[in-house]
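Next come structure tokens for two forms of one protein chain, structure 1 first, structure 2 second.
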Structure 1
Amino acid sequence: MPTEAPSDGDLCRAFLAGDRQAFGVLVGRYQLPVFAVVRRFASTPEEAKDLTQRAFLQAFEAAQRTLPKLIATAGEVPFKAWVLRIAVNLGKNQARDGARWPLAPVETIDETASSRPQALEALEKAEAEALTRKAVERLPPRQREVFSLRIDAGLPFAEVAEVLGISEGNAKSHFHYAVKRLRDEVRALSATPGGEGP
């Protein structure tokens, strides 16, 4: 009989009671979506790692602050929503502080470029990615948050809404606007020499 995976609440309670393994399971469970969200705003992998680490530390501190309530109740702990909300905020600050990201991760091109057509395809993909990144940077903050949670963290709209404390309809609406705006921006950037907009 397969054993059910422990809930985030169980893991938080176990970790705060001193279970080192529970910490590892929680980090392992969400490190990829958190890293992906902050990666869009970080200029280097190290910076993204630092932001991811900070997001987890702040989320664990939030769990620690609500410790008495956590122990008293068997209720669910929105750890995923906490850590992603923090990641989005850290990413937003990073973008606001004027950090700029490189056009494309070079390793991505090298890994896939085993033949000339593939190399060209990878280059086009990298260019398209770079243009999209620039366009995402120009989105209004809320649209950017929704976009990143939906695309980078891969969350369904209901969870995007939970993380941001908005309705699901609202999340969908922001995403629609974001995509349409991105399309216009990318078209404008592609038409501009060097891909630089105003």
Structure 2
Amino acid sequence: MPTEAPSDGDLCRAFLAGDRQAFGVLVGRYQLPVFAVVRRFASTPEEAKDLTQRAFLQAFEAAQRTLPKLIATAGEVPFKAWVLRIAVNLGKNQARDGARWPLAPVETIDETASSRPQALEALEKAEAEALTRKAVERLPPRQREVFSLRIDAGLPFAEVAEVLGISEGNAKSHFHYAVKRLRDEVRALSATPGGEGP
């Protein structure tokens, strides 16, 4: 009979009791959502990997003093919300410190592609992604955070609200306005030569 995977709370308690591997299990469990969130703030995938590592390192360093408080909360231990909050804060700091999205990741296109249509398709896709990234970058900070947690990390609105310390209704409202604004921004950037916008 396969045994049930330990809960976040079980892993947090095991880590506090001295089982360092328990924290590694938590890292493996939430590495992809954290990466997806910080990717919105990083200029390259490598930078996003670095931010992901920094988020877990920060969580590890704070674990001895923070996990007991998380465990003391009623219900399920909110480890996921805690580590995603760390990731969002690191991402915001990264963006504030001057990191910028590339206009178009042309270097990702293989210039030795065997057929021209494939290269053209790859270029169009890269340009569309660059426009979307630029549009996301222009969102107000709270809308950007909500959008990233909802789309990139795949969190339900209740968890988005928990991560950001806002109400669920507030999270839904920010998401609604973020999507509306993104549509307008992408449309405006697409109509401007070079996608620079005003």
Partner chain sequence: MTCDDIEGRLIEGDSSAEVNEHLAGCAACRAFADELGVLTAPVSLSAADRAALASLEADTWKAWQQRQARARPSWFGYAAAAACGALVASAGFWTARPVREVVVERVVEAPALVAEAEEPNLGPDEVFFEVTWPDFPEGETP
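On a predicted model such as this, the values are computed, not experimentally measured, just so you know. Here the rigid core means the biggest group of C-alpha atoms that line up within 1.5 Å when the two forms are laid on top of each other. Just so we're on the same page, residue numbers count up from 1 along structure 1's sequence.
Asker: Decide which single structure shows the form predicted on its own, answering 1 or 2.
Answerer: The form predicted on its own is the one given as structure 2; the other form is structure 1.
Asker: Verify the C-alpha shift of Leu26 between structure 1 and structure 2: is it 2 Å or more after superposing the core?
Answerer: Not so; Leu26 is displaced by less than 2 Å.
Asker: Can you give the C-alpha shift of Ala62 between structure 1 and structure 2 in Å, rounded to one decimal, after superposing the rigid core?
Answerer: Displacement of the C-alpha, rigid core superposed: 3.2 Å.
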